[in-house]
Ligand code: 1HN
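Taking the form predicted alone, here's one chain by itself in structure tokens.
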Amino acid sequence: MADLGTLEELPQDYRDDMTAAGVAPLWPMMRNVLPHGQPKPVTKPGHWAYDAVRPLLLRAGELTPVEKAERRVLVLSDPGRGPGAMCATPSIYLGMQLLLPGETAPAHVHTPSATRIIVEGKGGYTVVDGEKLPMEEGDLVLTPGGDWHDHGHEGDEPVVWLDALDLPLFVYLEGSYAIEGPLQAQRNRPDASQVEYLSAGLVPSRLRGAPRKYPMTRFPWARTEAALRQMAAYGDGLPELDYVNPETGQDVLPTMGFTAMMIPAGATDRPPVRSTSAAFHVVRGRGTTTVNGEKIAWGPKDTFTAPVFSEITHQAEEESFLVRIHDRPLQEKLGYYEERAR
């Protein structure tokens, strides 16, 4: 591998002339943007213990009314970029959101796509394009880009969920914006996960027209866990399930994918090295994950992250269920998703 020239090797008058012309030499910077073998990520493994985040969320509820905050969220910032970074990985934004009994979060629509993984509480709901979606622990709820959504709370205890958005992509493209509006009228019927898409392998007859682009926007955790347990009982290896659009079989969102994982007590999972960045949310369980030699001890409702091309090893101390959030759909569209054996 040849050594590349440095900026300092160039005469000062030449550097000054390039600056005046608005140009710069590529060769001193090329290895920063095209390193050999694999990327050199800025992102560092992150870990957010729910026991530490929850009291801060509840105090936020005391300090800031939802009407003033619009969305009462604590951002989970990538340690590699520092506090305040609006991303947990290069393509994934994460935040913990709180809604208190009786509160409503106003309706809006925005260009990024968002998902909610419900962390605790009962009685919360999200309305997406008029469809009221109950929010129960472990559920995955979609608010795709371009869909109106608002939140409400009919229960008597705090509701907390993990937001995951492809916001960093839209910020980078300078395409991120939102529009506010009135609360939506709710359709008087259960959500699609309880009607049209109640059973795997069955979809409404296509004779009456094309389905919605996002036909199912709530994936109940109870059904996901039951399917994982069946796979564990009768399948080979550790069970994993991808969340998909029931009409197309494709990932639920264009840029983000979601995979439910079950790791039995005492089991070890050593996935291949993937080109994706990832965030892991612990629905239930306890264990440790080693990311590039850095050990993370996690418990129920914790969230942690791994940069691209990480060597990851999960070890479960007790039966554990996790949801992996990743950017494989985006990488596959760009044609560079990769897995490497360890």
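From a predicted model like this one, the values you see are computed outputs, not experimental measurements. Numbers follow the displayed sequence, beginning with 1.
The same protein has a further form, the form predicted in complex with this ligand, not shown here; the description that follows concerns it.
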Judged by heavy atoms and a 4.5 Å cut-off, are 263, 270 and 317 together in contact with this ligand in the model of the complex? no
Looking at 93-101, 252-260, 181-189, 231-239, which stretch has residues with any non-hydrogen atom within 4.5 Å of this ligand in the model of the complex? 93-101
Position in contact with this ligand when the complex is considered in the model of the complex, options 108, 122, 213, 223, heavy atoms within 4.5 Å: 108
Answer key: of 165, 133, 88, 159, within 4.5 Å of this ligand in the model of the complex (heavy atoms) is 165
Wondering, does residue 151 line up within 4.5 Å of this ligand in the model of the complex on heavy atoms? yes
Heavy atom to heavy atom, is residue 71 within 4.5 Å of this ligand in the model of the complex? yes
Enumerate the residues of 113-137 that have a non-hydrogen atom within 4.5 Å of this ligand in the model of the complex, in sequence order, or give none. 116
